[in-house]
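The chain below stands alone and is given in structure tokens; this is the form predicted on its own.
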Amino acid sequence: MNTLKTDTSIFETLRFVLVETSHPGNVGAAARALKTMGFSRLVLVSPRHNDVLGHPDAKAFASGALDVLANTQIVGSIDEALTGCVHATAVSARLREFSPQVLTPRQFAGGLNGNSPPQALVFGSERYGLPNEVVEQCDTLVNIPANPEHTSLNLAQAVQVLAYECRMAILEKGISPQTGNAIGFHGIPATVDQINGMFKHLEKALVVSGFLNPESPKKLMPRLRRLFSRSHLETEEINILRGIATQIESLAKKAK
């Protein structure tokens, strides 16, 4: 029985827990679903087949994700599967009268960060889903908004939906699957003093150039502030803008 590991990147810490899985093929397909989305933590709770990881169907359906399959942890209880997790979310098509807070996959994924304490997504068996006592141990419940006339998804398909939404949410926040850090160059954020100084300088340059009438400024500067506030200015960008303002002032003086 493999022991549970600890990592730091959300692509390594997020656990996909399958409870009492019946079909080895679904375990392999789930491993493939995780690998295609950059995740790797698959945990099985009391699977029906003792040698599920070595089963021919599991290996066949893993198709290129044999490493994820080989590193899958097998545990004997949901308590063991959730050891060290700060948050557990049940995934179920069946809503309970006294269920935890219900989220869509996108809402759940939106709460993830690049570096996150261990969390778990818990999926039930193909035949019975999740028992109530497991759902009660979870903090939230994810319900995939499927066709109300046919809400049941194959287990591996449900894993794929959640893995996709989690990946997209993380990438949209600029997090690299390889490092857990923001993608691309990020400079030093500008301070409030630097930003205020830049706006005073820019306002002066706009007045000197004749673009801004100080007697009737209207809302030009507040609108420019709103514009720049959406870009989260960095120190180097402040320097560039002040350089532009200096050039405007210089050209305006020469024109007089």
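The first residue of the shown sequence is 1; numbering continues from there. This is a predicted model, so every value here is computed, not measured.
The discussion below concerns the form predicted together with ligand SAH, not included here.
Between 163-171, 71-79, 132-140, 87-95, the stretch whose residues reach within 4.5 angstroms of ligand SAH in the predicted complex through a non-hydrogen atom is 87-95. In the predicted complex, ligand SAH sits within 4.5 Å of a heavy atom belonging to Ala146. At the 4.5 Å threshold, heavy atoms of Ser125 reach ligand SAH in the predicted complex. In the predicted complex, ligand SAH sits beyond 4.5 Å of every heavy atom of Val102.
Although the partner is absent from this view, Gln107 stays clear of ligand SAH in the predicted complex, with no non-hydrogen atom inside 4.5 angstroms. Residues are counted as partner-facing when one of their heavy atoms sits within 4.5 Å of ligand SAH in the predicted complex; in 136-167 these are Val142, Asn143, Ile144, Ala146, Thr151, Ser152, Leu153, Leu155, Ala158, in sequence order.
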